[in-house]
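Single chain ahead, written as structure tokens, the form predicted alone.
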Amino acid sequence: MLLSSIVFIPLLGGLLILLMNRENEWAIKTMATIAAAIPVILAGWLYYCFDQSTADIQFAEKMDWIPSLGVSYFLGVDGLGLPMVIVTSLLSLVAITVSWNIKTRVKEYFALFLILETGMMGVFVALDLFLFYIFWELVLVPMYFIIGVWGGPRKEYAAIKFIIYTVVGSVFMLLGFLAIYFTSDPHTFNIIELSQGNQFKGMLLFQNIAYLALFLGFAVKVPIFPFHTWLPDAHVEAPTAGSIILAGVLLKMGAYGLMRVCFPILPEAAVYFAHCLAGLALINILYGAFTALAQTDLKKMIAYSSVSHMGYVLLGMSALTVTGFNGALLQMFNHGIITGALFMLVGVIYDRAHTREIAGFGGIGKQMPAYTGLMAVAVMAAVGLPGLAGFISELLCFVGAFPVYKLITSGAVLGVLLSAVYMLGMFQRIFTGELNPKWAELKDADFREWISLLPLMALIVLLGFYPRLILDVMNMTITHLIPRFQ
């Protein structure tokens, strides 16, 4: 019951909050924090007990749900799912602690956030396509309201755009699931059986059609160009905690769907479209980087940088090598903690200055030295500085992809240079030089902000020096997956 506890304790916390008196905001926030903290502890125990020497599904929970349709309640983790469970639990707790400054409709906000966490957790541990889809759809509703109710001036537009894109993508994904179900023999939604049984071997046309349907659903979430346009609006208008979850977890759901569903169930199609995926990866990397370079809004710049950095994930996957896949999955984890820290730091300065215009600042490093140090670590990690988390995952993506796509990988390296230009340029304009007198009264990071940021900062440094903490978890699963593409 360990996985069920991790998935449903946040939901239970959300339901309890709905029964509480809305006037008692302190109790509501405390309950939300406890409900988000328990999955972090359980995820730590999951990591401790996880057997890194096997590629088998572990901590499995399975029971019949709709036997007439072959639908089961099937949860489990392996090297693909466990890193995502860890980062989701951690970022959810960080998002909850960041949200203690929410003043309007507090009860509804924290209840929705905990329901959102249940949906995200469910996606990463569900091993039945039907159950996977239920959790996938559960994520949409609370995020829609978090953006649409507690967002910025254009929150309604951003929320509607987010829901339209994701619902349309979900329709194609559902069609792909149904095609797989009705073509399998016997009919099943079981992801493990579909992955191991070579159900569709030699059926290249069917695999290609099903792959494209699923790809459209997952591509919107990653997001892959040209399905990315919902992301900058959603990021800019979402509250700080919403942006942390969007970049840190929701984008990873799309890449995880490709890894968990498309690649193992439809391996021939994965090989057939690998070159196309590599080309899209290059477009994501360069388009996201050049667009980030042109931004004047700090939050929008980081949003477009996410488009670019998720391109490294696609590049590593498209190579269909152990090194590339390891790099892609590690990049998903690292990008989650790095962008989570960046968006939180943006929220800190916005709460004080009520502006995100990069040109409007200047010299605040003297006024906010602790905050500046935290931002420096996050920026350097995003740039890929050796010794910090971002470096090793990007390097593995390049090393894994270069033997397969020499020209594309060579072009993708330009993304690293561009990220250094826009990230370091932003840091220079905001934190160095003479202090703008307008910001002479800004307060440095407070205790709550430090507590929220320190776990992310510690992981950024720790994984920079010892990435095996996560690589050893995923390596065996990936080593057993890659031969399916040979």
Partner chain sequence: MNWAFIDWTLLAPEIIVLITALLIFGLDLIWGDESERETLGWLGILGLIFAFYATLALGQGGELFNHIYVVDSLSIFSKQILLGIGVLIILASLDYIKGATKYEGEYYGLLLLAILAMMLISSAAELITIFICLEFATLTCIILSAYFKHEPKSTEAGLKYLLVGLLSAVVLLYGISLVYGLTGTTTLYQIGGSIRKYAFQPVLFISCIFLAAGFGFKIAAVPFHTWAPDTYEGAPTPITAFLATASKVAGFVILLRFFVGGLGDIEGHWIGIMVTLAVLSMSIGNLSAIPQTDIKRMLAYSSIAHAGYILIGLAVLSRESLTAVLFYLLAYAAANLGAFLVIIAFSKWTDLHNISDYAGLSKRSPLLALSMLLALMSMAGIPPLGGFIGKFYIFAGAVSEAVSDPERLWLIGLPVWGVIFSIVSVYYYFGVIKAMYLVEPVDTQPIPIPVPLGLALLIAILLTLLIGIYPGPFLALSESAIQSIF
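Owing to the predicted nature of the structure, the values given are computational and were not obtained by experimental measurement. Positions refer to the first chain, counted from 1.
What comes next is about the form predicted in complex with its partner chain, which does not appear here.
*Asks:* For the three residues 42, 48 and 352, verify that every one has a non-hydrogen atom within 4.5 Å of its partner chain in the model of the complex; reply yes or no.
*Replies:* The answer is no; none of 42, 48 and 352 reaches its partner chain.
*Asks:* From the candidate stretches 176-184, 292-300, 275-283, 379-387, select the single one in contact with its partner chain in the model of the complex, where contact means a heavy atom within 4.5 Å.
*Replies:* Only one stretch qualifies here: 176-184.
*Asks:* Is the gap between residue 105 and its partner chain in the model of the complex 4.5 Å or less for some heavy atom pair?
*Replies:* Residue-level check for residue 105: yes, a contact with its partner chain.
*Asks:* Residue-level contact is defined here as any heavy atom of the residue lying within 4.5 Å of its partner chain in the model of the complex; does residue 130 satisfy this criterion?
*Replies:* Answer yes; at least one heavy atom of residue 130 falls within 4.5 Å of its partner chain in the model of the complex.
*Asks:* Within 4.5 Å, heavy atoms only: does residue 212 come near its partner chain in the model of the complex?
*Replies:* Contact with its partner chain, no.
*Asks:* Would you classify residue 450 as touching its partner chain in the model of the complex, given a 4.5 Å non-hydrogen atom cut-off?
*Replies:* Answer no; every heavy atom of residue 450 is more than 4.5 Å from its partner chain in the model of the complex.
*Asks:* Please identify the residue among 371, 144, 304, 200 with any heavy atom within 4.5 Å of its partner chain in the model of the complex.
*Replies:* Of the listed residues, the single hit is 144.
*Asks:* Considering 414, 149, 204, 322, which brings a non-hydrogen atom within 4.5 Å of its partner chain in the model of the complex?
*Replies:* It is 149.
*Asks:* Can you list, in sequence order, the residues from 139-171 that come within 4.5 Å of its partner chain in the model of the complex, counting heavy atoms only?
*Replies:* The stretch 139-171, when checked against its partner chain in the model of the complex, contributes 141, 144, 145, 148, 149, 156, 160, 163, 164, 167, 168, 171 at the 4.5 Å heavy-atom cut-off.
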